[in-house]
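Here you get one chain, nothing else, as structure tokens; it is the form predicted alone.
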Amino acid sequence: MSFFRSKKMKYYSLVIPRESAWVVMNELARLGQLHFVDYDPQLPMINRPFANYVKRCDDSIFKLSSLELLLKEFKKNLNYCENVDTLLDYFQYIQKNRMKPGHTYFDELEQEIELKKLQIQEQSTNLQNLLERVNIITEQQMVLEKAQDILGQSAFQQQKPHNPNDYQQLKFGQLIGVIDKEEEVRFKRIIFRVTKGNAWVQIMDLNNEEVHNSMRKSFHLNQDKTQQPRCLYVIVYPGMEEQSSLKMKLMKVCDSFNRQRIEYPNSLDQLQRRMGELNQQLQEAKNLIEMTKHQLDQSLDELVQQKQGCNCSYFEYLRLYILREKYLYVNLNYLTMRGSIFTGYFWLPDGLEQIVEEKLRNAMRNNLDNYPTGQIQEMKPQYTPPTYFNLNEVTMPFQEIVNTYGIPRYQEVNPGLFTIITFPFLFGVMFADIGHGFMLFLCGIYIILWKGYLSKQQDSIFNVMIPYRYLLILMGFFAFYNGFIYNDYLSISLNLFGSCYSPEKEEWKREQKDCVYPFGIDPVWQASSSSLNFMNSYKMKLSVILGVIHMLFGILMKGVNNLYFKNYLDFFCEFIPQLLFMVCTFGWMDFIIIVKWLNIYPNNAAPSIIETMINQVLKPFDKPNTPIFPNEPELQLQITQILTLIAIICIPWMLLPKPFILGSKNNKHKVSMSDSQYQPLVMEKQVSDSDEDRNQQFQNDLKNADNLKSITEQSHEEHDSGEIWVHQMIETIEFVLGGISNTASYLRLWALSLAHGQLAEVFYDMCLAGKLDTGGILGGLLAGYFYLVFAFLTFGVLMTMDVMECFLHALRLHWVEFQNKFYKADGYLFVGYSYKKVLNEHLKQPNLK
């Protein structure tokens, strides 16, 4: 059962010739079951043999990302890959038809990407330059038109004064141009200071951004949101001399704002001639824009189109192939190169050896140069294997809950298997409500049935919840189920099976002594005055019972681990005393709770559980005044004395034997493993006659590698007796005190359930109770209003915040109270070398709104 324990792993060495490295790694990646071991994790990637290839792949991906921005800018919709297996088959089909070595295909694609990037970026730059030129021409036209409206015809008339000596003083010059709208106030202030108020300044909005965007819209281009609003300025100053100091100052000020300053024509004919030239230039620029955009569209369409047999756009094909190629070289860097061979190590799930050998034979057949592909050989592992589970859509979210705390140790009991039931069940105990649980259940059903549609809604909150849909539906189911146990429907009890009580003189009396409500709590309890006390007592005791059962199960799993790993010392010196201690203390307390539920005590003199547990320790020889077993105090005294004695004995049993036994072994633990060595792996029948010299060199390299040590040597672990004693003392104290604190921690099941029920009751009483009795139109409007308030409060507080709160508390109970009983959580995940996995991680989906 691969989910109860991780799959068994075997350790292999791989030796392949350098010429066949790409072909072999390409075949093995389709299998997806090899976990390559880095021969030197401390060595930077830049110092590895194929670091340059990885860098080239990154450069190509960066170039594609810049092209993707252009595709989005010009509204080109890409067809994304939906089936990675089909795409990988198409990759293989392309490789076979090329009749060239497989690794050379990346060189061809790299050159193609570079050429396309240069071509498309050049076209895009030309288009932007033409658009900017159109903006400048359009801006000049608008400036001349508005300046003419401001200055009028009088600007072109030469006025001659009566006194020739005053001729220059009666002439006025003008400057026109453009500034940013946000610079308007600063521009006026500077002009005023420079001219000392001896100039007339008029500023008018150009509305250039509207004209600019309408022009881009006419070419089917996106709007330019970076376009700044601009203003026309007209400055009229005294004097018309070309070299006057005032004019030079004004020109410097205008030029300092880094916008256009336009020479205003001296006559109406020049103005009309200038406007005609601008119209001609504008038309030429628009024609060039049409041609450039058409060429750019053709280049971009080549990236958008699908090739025959491919299930995605050519751009997506390039991106995913480059990612695949980078992934291959990254894993190839995990191998060490010595001479003409690569040597490496990998973990493989048990039973897949023949499949790997078949892949190597396929690599031999696919190798055009008929180079030998090498072989694998099983070796003695040097360290702990990785942890590998076969997960599916149902088990994945529960395993993620476990992995977030820590990865399971190799072959230890996996808490994820039990979490499938215990996690949503404990959540349901805290979130117990028929109505709220059913809504959560419906939410999970909705995501399961409409998964395909929701996966394409990138902005939808349900899209994020798709991987956890089965967790959600189980949480809703158990909340619904526990709601029936508590008989709680939006704070209202449902009388589904008929109550065992009937009202009589303002009291509730039992109709028949042997009457029992078939399922859950009798609804009459909610109407009684002792409803809150009864439900609190019931939920609190039920929480303690569930908690102790949960922890006892965790201790049992520790025993299962000890037996599986043949760790009999921990089995007899830790598991057995821990189990006995828990059963004799908190297990006995649960037993008392159940016995008290099953018995009817005379005169309602029911024993106190807390008093019984305290007297068990403080008064071990006194008979109880109110025994748990009616009329049998001697029996209870004997049982409590035996259980107390066993619990006391278990404490030194956990503390002393293990350190003494370990200390007798020279006060040290030593873990040593023999070093493995390479063996000649390539058989003579794999060597072709045509390449005898090359293959002879390959055999010599194999012999040179025969004396090399394995990649990892596990250092000897040493523990002196002092460390053993300290460690065991901490473990014992933690377990004994943790038994109390962990049991108390399960009371959160009661506390959260109480809080949920009280909030639901408050919302119902404040919003609905008594608000639905008003008749007429006003009553209907008030009922609708208060129902909306009730719905929003229920969703905002109970269906979101309380769901998250119960989820987090369920996490705490599993991580701390349950898993610390047996779970080591010091493993590391099996990371299969798989094209399918890495491409699935990088798939993109269209955003359908």
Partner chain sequence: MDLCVFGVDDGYAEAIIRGLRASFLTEAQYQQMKNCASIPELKSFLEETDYQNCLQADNPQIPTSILRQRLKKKLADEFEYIEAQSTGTLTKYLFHLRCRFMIDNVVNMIEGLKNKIDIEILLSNIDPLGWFPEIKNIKVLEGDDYSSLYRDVLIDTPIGVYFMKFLEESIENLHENRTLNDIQNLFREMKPEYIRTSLKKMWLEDFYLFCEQELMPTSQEALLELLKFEADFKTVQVIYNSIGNRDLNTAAKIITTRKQLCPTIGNLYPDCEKLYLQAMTLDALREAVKGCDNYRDLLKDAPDPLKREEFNVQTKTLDDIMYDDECRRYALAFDGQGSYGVFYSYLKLKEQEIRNIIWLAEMISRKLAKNHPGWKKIIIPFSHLGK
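We call the rigid core whatever largest set of C-alpha positions still superposes within 1.5 Å between the two forms. Numbering follows the first chain given and starts at 1. Everything numeric here is computed off the predicted structure, so don't read it as measured data.
From this point on, the text means the form predicted together with its partner chain, which you will not see here.
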property	result
Partner-contacting position among 809, 824, 30, 55 - heavy atom within 4.5 Å of its partner chain in the predicted bound form	55
Among the candidates 217, 509, 75, 252, the residue which, in the predicted bound form, approaches its partner chain to within 4.5 Å (heavy atoms)	252
Heavy atom distance at most 4.5 Å to its partner chain in the predicted bound form, all of 62, 189 and 194	yes
Its partner chain contact at residue 89 in the predicted bound form, heavy atom, 4.5 Å	no
In the predicted bound form, residue 257 touching its partner chain (heavy atom, 4.5 Å)	yes
Its partner chain contact in the predicted bound form: residue 796, any heavy atom under 4.5 Å	no
Touches its partner chain in the predicted bound form: residue 46 (any heavy atom, 4.5 Å)	yes
Interface stretch in the predicted bound form with its partner chain - options 561 to 569, 443 to 451, 178 to 186, 414 to 422, non-hydrogen atom within 4.5 Å	178 to 186
Cα displacement of residue 632 between this form and the one not shown reaching 2 Å, rigid core superposed	no
Rigid core fit then residue 63 CA moved by 2 Å or more between this form and the one not shown	yes
Threshold 2 Å Cα movement between this form and the one not shown for residue 623, core superposed	no
